[in-house]
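One chain follows as structure tokens, the form predicted on its own.
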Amino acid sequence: MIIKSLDLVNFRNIKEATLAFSGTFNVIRGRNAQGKTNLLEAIHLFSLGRSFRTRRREEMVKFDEEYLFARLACTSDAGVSFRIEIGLERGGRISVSVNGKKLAALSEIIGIMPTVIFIPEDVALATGPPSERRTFVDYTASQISPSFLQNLKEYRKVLVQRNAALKRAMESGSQPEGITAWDEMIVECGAAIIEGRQEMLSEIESRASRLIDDIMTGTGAITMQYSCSVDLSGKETKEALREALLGTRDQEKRRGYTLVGPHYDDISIFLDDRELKRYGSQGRKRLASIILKLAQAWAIMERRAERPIVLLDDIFSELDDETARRVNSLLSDRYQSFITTPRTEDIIDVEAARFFVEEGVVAVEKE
């Protein structure tokens, strides 16, 4: 996938911008809090239909303005062109179209343009709560498998409804209504999620170990271990999940929510056989997070036969020159990349379209 152009009106602090991009590197330079990351956020909006910074869409609308408009033109690796337009009013009304055809919801654009994004907070892949690692794997699998994405959406919906039934039963002292039906839906979708995650982990792990050898020779392999909230030993996933739900039923009635399932699972990340969360230095955690994101991009590219757009928010500030050079080489060989940085010297030996952002005004930089 290649993004050709981006038009923005009233997006964050960007009053207006019309930009054309290079098919390889695009470097976005500027001091902190000037609007560099806002450009990445705008591009990401066209991938998942939501911001990676906030759940409140109206926060993307420029202060003291009532609406935003964004238009992106891209071309798939198969040569199919897309023109996606998004309008958002501060009151919440949304309009979205693809090649002139209006869509019912912003979520319908998911799957058109895959992206992989790295932000400084992604070091939480190694150090943060289990939800960070689940989201990482779920996002990768969702970009590759529509059925996984559908199961994930359905599971979340059913989980809310099952928890509501358990809460009502707890408060009233009665039996939870329709719990058997909710159980079977949890089992069907939950088992598919667990198995999909395990398959995806295997693919990410194999690619990450190859990438780390290219970037940091002698550092050791990256391995990943899935920790399931139900005992899978010697059982099919559905059977194990069904038994676990039955076994926790009394506790669930007392507490008013679901106690087992893929929403409780975790993933441990190891570098050279040492768990990063417990033993890794800040530098090793950051390096591992970058490599896992590159492995994510590689998996999406091979499984979808479509290169994802790679968005990198100030990733080079803590890398030495040689490591940065090797990361640049990997990116230039495979993807269209958008890289923010406060310093030109962080982007070493690459030909790129260069942009300078100051107080929301985006200008093309001449080399």
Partner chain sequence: MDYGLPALQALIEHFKKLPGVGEKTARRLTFAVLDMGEEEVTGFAETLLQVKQDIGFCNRCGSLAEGEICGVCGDNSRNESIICVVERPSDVFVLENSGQFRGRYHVLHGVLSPLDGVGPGDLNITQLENRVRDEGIKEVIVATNPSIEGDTTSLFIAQLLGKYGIKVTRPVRGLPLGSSLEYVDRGTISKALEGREPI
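Numbering follows the first chain given and starts at 1. What you are looking at is a predicted structure, and each value in this text was computed from that prediction instead of being measured.
Just so it is clear, the following notes concern the form predicted together with the partner chain, a form of the same protein that is not shown.
- This chain appears without its partner; in the predicted complex, the one residue of L72, V123, V158, V137 with a heavy atom within 4.5 Å of the partner chain is V158.
- Shown without its partner, this chain lists G92, P129, G247, P146 as candidates; in the predicted complex, only P146 has a non-hydrogen atom within 4.5 angstroms of the partner chain.
- Although the partner is absent here, D77 sits far enough away that none of its heavy atoms falls within 4.5 Å of the partner chain in the predicted complex.
- Interface membership of G283, defined by any non-hydrogen atom within 4.5 Å of the partner chain in the predicted complex, is ruled out.
- Interface residue remark: T180 is counted as part of the site for the partner chain in the predicted complex, having a heavy atom within 4.5 Å.
- Among heavy atoms of G87, none comes within 4.5 Å of the partner chain in the predicted complex.
- Only one of 182-190, 291-299, 203-211, 274-282 places residue heavy atoms within 4.5 angstroms of the partner chain in the predicted complex, namely 182-190.
- Here the marked residues S107, Q150 and A164 all reach the partner chain in the predicted complex, each with a heavy atom within 4.5 angstroms.
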